[in-house]
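To begin, one chain is listed below as structure tokens, in the form predicted on its own.
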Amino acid sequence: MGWLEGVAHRAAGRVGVALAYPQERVEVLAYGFFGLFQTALLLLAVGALGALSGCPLEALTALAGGSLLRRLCGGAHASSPLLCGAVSTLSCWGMALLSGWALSLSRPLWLAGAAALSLLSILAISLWAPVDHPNKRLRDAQLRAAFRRRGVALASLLAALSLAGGLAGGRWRSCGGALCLAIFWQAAALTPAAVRLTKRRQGPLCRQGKEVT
């Protein structure tokens, strides 16, 4: 995704010239623009795939829930921004499709499955969160414990919303299913197996601090 980095740097450069920013501040601004542009593209991609499949709300619900948890809990990282965006887009789309299929299940079975996935997810978060980025280590024990508590609290809230959607039925139920799957997906990204798998697939440059995502 070098082209997106180029766009971010050009935008930051123009703003920096207009506001007479020093180079260090321009670099920080470029990083912020890159994150903003990447998020916008991800929203567009997930929304478009969801719309083409008749499940835009479910896809965006999965993206929103997963992104919120990711902020607090971290998780396994892709080897490049492009791969990160592709995996995020396809996973949200897949969760939206799966949530639609789950509507064929009876309500008691749906609720039992959602509750089981939610409990497993909360347990994984309480055991392994936060998983920090290789380039942004979180070493303070108290801060790590605070992120873990917040992650568990957020996952519990999202799980409650998911189950409430299941009880409400209709489109709420399919959105609740997508949210439950997003919680489970992000919790799975915290497991030691997931972290080891992504580390093996990252090249030496990524491990030495060249990764952006």
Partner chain sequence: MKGKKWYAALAALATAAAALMASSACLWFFYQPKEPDCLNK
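Computed from a predicted structure; not experimentally measured. Numbering follows the first chain given and starts at 1.
The discussion below concerns the form predicted together with its partner chain, not included here.
Taking a 4.5 Å heavy atom cutoff to its partner chain in the model of the complex, the contact residue among A48, L57, L36, A146 is L36. The putative spot formed by S99, R107 and G113 is not touched by its partner chain in the model of the complex; no residue has a non-hydrogen atom within 4.5 angstroms of it. Stretch 178-186 is the contacting one of 151-159, 164-172, 49-57, 178-186, since its residues have non-hydrogen atoms within 4.5 Å of its partner chain in the model of the complex. Contact annotation: L90 falls outside 4.5 Å of its partner chain in the model of the complex, judged by heavy atom distances. Its partner chain in the model of the complex is approached by L72, whose closest heavy atom lies within 4.5 angstroms of it. Remark: S79 counts among the residues lining its partner chain in the model of the complex, judged by a heavy atom distance of 4.5 Å or less. Heavy atoms of L138 reach within 4.5 Å of its partner chain in the model of the complex, making it an interface residue.
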